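Two separate entries follow, structure 1 and structure 2, each one form of the same protein chain as structure tokens.
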Structure 1
Amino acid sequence: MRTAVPEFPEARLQELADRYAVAVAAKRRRLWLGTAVLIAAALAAGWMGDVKLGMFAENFWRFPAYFASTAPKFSFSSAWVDLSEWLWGLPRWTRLLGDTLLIAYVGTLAGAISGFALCFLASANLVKSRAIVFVTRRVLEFCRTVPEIVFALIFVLAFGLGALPGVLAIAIHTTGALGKQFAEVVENIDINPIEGVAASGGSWIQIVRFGAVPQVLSNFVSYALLRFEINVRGAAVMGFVGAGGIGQDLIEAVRKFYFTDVSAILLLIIVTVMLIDFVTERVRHRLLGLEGARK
């Protein structure tokens, strides 16, 4: 069924359009101002950051060319031989990848445990003393803000080359990151169980154990898994500064122009990271699903 849509008379349309213009004028002005500020900041940053677009355009071909040169040589007649030649270091690389995963795992677990211990001290709803909360939060912030690779650089000097500095660096960074996220979870919990335990005479430890922990545990595990995912990426580059894992071989291959090794190692890292992402995402969804079912 078609009916004619009534058109407004010209004057009325004009009036409506004017009102609309007035209504959005302030918003438009803000948008333009924001854009202008953004562009000015981008230009300033470009000057500061030494952006040379001419050189970029001139040298851009090197970017695909680099990847092309890392590509392994394949021919149909000898695909299998080519493949085994490309992945010649597979046993060594899988071992190093395993090390990388273990560094990430051990670091994450150690960091999660200390973050778990600290997060309750950083929650204003469980600790009455402002000073303790403040100090704990600053400690966590310090652990979080100093990049892990800087910790690793310093630890390599203190503990020597190997996995130990990598594990410690990741553990410290994870303590800071998880401690903060855990504390945020704890601050959002239901206060009634805590009051219940306190009212029936529980000590502070008992309040935390029976009032807070049951509410937050599945969330904590989910955050820890997410952090593990991030730490796997972090552990892959720990070797750049000599702190164990596959990074050492990667930076060597890049620096010494072992092109096909670069692509092989990169591919292995990417596949591993994707697998880990996939598995942890599954587990996390299940955990959060449990959480939802319980509520």
Structure 2
Amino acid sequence: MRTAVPEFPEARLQELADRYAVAVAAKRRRLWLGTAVLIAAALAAGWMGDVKLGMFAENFWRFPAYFASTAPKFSFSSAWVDLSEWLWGLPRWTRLLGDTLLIAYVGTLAGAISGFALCFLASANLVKSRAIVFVTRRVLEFCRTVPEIVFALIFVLAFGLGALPGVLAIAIHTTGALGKQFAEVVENIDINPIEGVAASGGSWIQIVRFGAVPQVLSNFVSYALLRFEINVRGAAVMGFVGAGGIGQDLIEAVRKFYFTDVSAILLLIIVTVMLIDFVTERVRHRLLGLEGARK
């Protein structure tokens, strides 16, 4: 059975075409206006920030030249000797790299636990008090707004050199970052289990435990693993201000122009981060795949 196609008068079709043309023209004007505003804002920011493109172009060669100067010199006749001289500090650097990983791990674990505890208080769909939600969100904003290296510098002044300032700095920043991400996940969950636990007389803790946590746990772990990758890089920088780890030897090599030491330490950090990225990526994808299969 054929369905009849409605016929429109020519005047009606022309009216629709004119309205479509007007809407497209309005959208195009908004696009051009937004582009112009963006370009103007970028130019104004560059002018106020004293950005000089000529100086950048003139001195850009120094960037690759520095990395080229850090490359060790090898020859086939003395390859083993050259490699031994390049990686002369491997035992010490490996130990310091292990310290960096431990700083990142403990800081991430502490921050994830704190973010887990605070994210539910920052979720408007679980907490009726707007004041509690507002205060919790502002606390999380403060924790993630201040850079880790600033926290590390403050804690170095308070507690002295060592791994403790790095752990505290990463933990505070991770609390803010993961707390925000966790809260966004919680606010997008299915509300039916929440209402079911509440209707059966469950307390707020039971609503969170049985209604919210089962829906978000795999996403929480995925975000925490991703944050651990970021914190490994951050922990390497903490050593610049004396917060422990391999960063302390790296900044010393940079300041003293020990070029081959710089390249060796950077290579160790890069390889370690690549391995961590590979492992955690596989775990995250597996967790997200399991979450999708349950849905």
Partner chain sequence: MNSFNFENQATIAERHPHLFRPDWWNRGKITVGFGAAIALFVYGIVQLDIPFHRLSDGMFRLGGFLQLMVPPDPGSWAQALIYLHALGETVAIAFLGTLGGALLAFPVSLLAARNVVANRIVHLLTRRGLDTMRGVDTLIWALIWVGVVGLGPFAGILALICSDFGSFGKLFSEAIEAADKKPGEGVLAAGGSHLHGIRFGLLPQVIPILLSQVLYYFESNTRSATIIGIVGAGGIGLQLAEQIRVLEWQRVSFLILLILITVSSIDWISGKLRFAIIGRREIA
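When a residue number appears, read it as a position in the sequence of structure 1, where counting begins at 1. Please read these numbers as outputs of a predicted model, since none were measured by experiment. So that the term is clear: the rigid core is the largest set of C-alpha atoms that superpose within 1.5 Å between two forms.
Asks: Between the two structures, is it 1 or 2 that corresponds to the form predicted on its own?
Replies: Between the two, the form predicted on its own is shown as structure 2, not structure 1.
Asks: After the core is overlaid between structures 1 and 2, has the C-alpha of Arg30 moved by 2 angstroms or more?
Replies: Yes, shifts by 2 Å or more.
Asks: Given a core-based superposition, decide whether the C-alpha of Ile251 shifts by 2 Å or more between structures 1 and 2.
Replies: No, because once the rigid core is superposed, the C-alpha of Ile251 moves less than 2 Å between structures 1 and 2.
Asks: Under a superposition restricted to the rigid core, does Arg19 display a Cα displacement of 2 angstroms or more between structures 1 and 2?
Replies: Yes, the C-alpha position differs by at least 2 Å between structures 1 and 2.
Asks: Phe60: how large is its C-alpha shift between structures 1 and 2, with the rigid core as the superposition reference, in Å?
Replies: With the rigid core fitted, the alpha carbon of Phe60 is displaced 3.9 Å between structures 1 and 2.
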